[in-house]
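Quick setup: one chain, the form predicted on its own, written in structure tokens, and binding and motion questions come after.
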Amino acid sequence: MLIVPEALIASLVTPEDAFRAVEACFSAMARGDAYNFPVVREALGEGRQYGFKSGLDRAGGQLGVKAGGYFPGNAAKGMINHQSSVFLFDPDTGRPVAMVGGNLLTALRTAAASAIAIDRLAHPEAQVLGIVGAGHQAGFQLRAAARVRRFERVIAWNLHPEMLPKLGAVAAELGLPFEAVDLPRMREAEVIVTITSSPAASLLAEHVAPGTHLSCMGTDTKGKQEVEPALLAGATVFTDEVVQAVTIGEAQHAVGAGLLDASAIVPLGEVLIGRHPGRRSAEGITLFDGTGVGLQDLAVAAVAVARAHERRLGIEVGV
């Protein structure tokens, strides 16, 4: 078994690698070649969460699990709040193949999923990007979105505004003007990414203009919520996996309130393989409910393992 430590991941997997791996994962899911196992997710108290996401991709030859969660006290200890590891197994024999640091991989695959949704669903000429949230993953989201659209400026809101300058620095690296705004001004954005760990909706339907695309990437647990249910009720809703969307994703609230039928939610892979047209009108709102599926973690981890073998990096251990 190969151990690929977290410290090696940045040199092994690029954002472009993650985009291609996640795109292939979406397509495999839509074709029925890959599926996720039920998510195990538990609250540990004091805001801590821990769980397991796993699955099998027959097309990619990947079987495995990501173990990890959210630990809000980590920042004070000099660590990021999201901590995880990915374990890969031989799908034919069950033999352990690799253990891979999952922190950067999670950020890369989350940003890649959002960017794929933007690429396939947002207006081609979208000029203003809005971001709700300014935590660790917000910068990854900004960079990934900027790779698929030529934005002219970025506006952002965060519950704790003192965190926004760090996101502004990322925008500056990309050559994009940046402005901190109140939530009502999100109506200026043609693409909005939400990436928070909020327990209550912050973005309301009145904050979103007609024709906007939203990638809602923060809700992955029962009880979390970034946008009000009325926003989903008035949008064409896409997701990575419908089962997760209605149980732990943003759709849990709209479906629970009877404002959205689960059968109306479209797997994004259906758009990628040409089975669904995606955006149908210039004025319609599209919303991607990104819950984060285990197959995406396996896909990007497999890239890291392949590169580590090529470069003779990592630690080989007997099992």
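In case it trips you up, residue 1 is the first one in the sequence shown, and so on. Because the structure is a prediction, the values reported are computed rather than measured.
Beyond what is shown, the protein has a form predicted together with nicotinamide-adenine-dinucleotide (NAD); the following relates to that form.
Looking at 142-150, 156-164, 117-125, 229-237, the stretch with residues near nicotinamide-adenine-dinucleotide (NAD) in the predicted bound form, meaning non-hydrogen atoms within 4.5 angstroms, turns out to be 156-164.
In the predicted bound form, residue 197 approaches nicotinamide-adenine-dinucleotide (NAD) with a heavy atom inside 4.5 Å. Proximity of residue 134 to nicotinamide-adenine-dinucleotide (NAD) in the predicted bound form: non-hydrogen atoms within 4.5 Å are present. At a distance threshold of 4.5 angstroms between non-hydrogen atoms, residue 110 is in contact with nicotinamide-adenine-dinucleotide (NAD) in the predicted bound form. Taking the partner from the other structure, nicotinamide-adenine-dinucleotide (NAD) in the predicted bound form has no heavy atom within 4.5 Å of any heavy atom of residue 102. Contact with nicotinamide-adenine-dinucleotide (NAD) in the predicted bound form, defined as a heavy atom within 4.5 Å, is made by all three of 81, 224 and 290. Residue-level contacts in the predicted bound form: of 245, 217, 86, 192, one residue has a heavy atom within 4.5 Å of nicotinamide-adenine-dinucleotide (NAD), and it is 217.
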